[in-house]
Ligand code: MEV
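Just one chain follows, in the form predicted alone, and it is written as structure tokens.
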Amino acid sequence: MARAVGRATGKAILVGEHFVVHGVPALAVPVPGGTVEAELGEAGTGPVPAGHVRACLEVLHRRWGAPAPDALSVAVRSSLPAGAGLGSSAALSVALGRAWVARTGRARSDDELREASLACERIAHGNPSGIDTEVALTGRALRFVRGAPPRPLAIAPGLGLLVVDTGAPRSTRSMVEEVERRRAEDPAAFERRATRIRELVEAVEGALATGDLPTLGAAFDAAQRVLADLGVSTPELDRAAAALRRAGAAGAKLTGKGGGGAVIAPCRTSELKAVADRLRAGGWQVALAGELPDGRKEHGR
């Protein structure tokens, strides 16, 4: 049987991480150039499924029937840094689901792919909001509220995003648990931060639609201050954000659950290369960079 390939995109949360689990809106975009590709073949013709890949294939097997993981080989190719808060696990689960559909010839709806991906995400992260899976599945920039249909995010042309990977180890599950502990200890403080994030979601959404880079950068910086106050930033993430600003980005913040991983920053697409070159000259790893895609148009499916 021919080998079968599935693909999906990673995501960057522009504003709203952590708070999105509690019903606060969040804005997310496909990471420019950040994709995961999964290729399924016969057992013995390639790598044996292991780790989280095997766990995802077992989810698909329980839900959809044959083939079982032991009947398959699997090769995964990714341009996303693993464990950097860029949705690599959700992209992997969606890519594996699409490869399974291509291999078996048995169609599955987006809802079935979504539910299978979320089952895989619960293995990896415990209590996912669903935002990673939604971007991986649709390939679109979107406004996401847990439990509600996502809304495409309008993005003016000419806005770009830089992603710096700090390479610092992180654990999504442990950061989520730490935030939950802080929320339980001081609900009023958490709600004040949530209110501020709601304001910043509106500011970022408006700035994206109009191409207002100064407002966008200022909102990124404000969101980073909230996340630092929440306890999920680190000195290395703070240093990376400062380096991005010095290199010419309009603002910068961590993305994902924090504790390590990636920092993102907006700038004009015409300035992406110059800013990235300055960062690399300073010893920083620019993992990905590119234009932000308008969520009203389909990308990367």
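Only a predicted model underlies this, so the values are computations on that prediction, with no experimental measurement involved. All residue numbers are counted from 1 along the displayed sequence.
Just so you know, the form predicted together with the named molecule exists too; it's not on screen, but the next bit is about it.
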Handout entry: Per-stretch contact check against the named molecule in the predicted complex, the hit in 127-135, 157-165, 198-206, 185-193 (non-hydrogen atom, 4.5 angstroms)
Key = 127-135
Problem - Non-hydrogen atom contact residue 20 with the named molecule in the predicted complex at 4.5 angstroms - result: yes
Practice task
Would you check, heavy atoms only and a 4.5 Å threshold, whether residue 116 touches the named molecule in the predicted complex?
Solution key: no
Practice task
Using a 4.5 Å heavy atom cut-off, state whether residue 13 contacts the named molecule in the predicted complex.
Solution key: yes
Practice task
Although the named molecule is absent from this view, report whether residue 32 comes within 4.5 Å of it in the predicted complex, heavy atoms only.
Solution key: no
Handout entry: Proximity to the named molecule in the predicted complex, single hit among 256, 260, 251, 49 (heavy atom within 4.5 Å)
Key = 256
Completion exercise
Of 230, 223, 142, 176, the only residue with a heavy atom within 4.5 Å of the named molecule in the predicted complex is 176
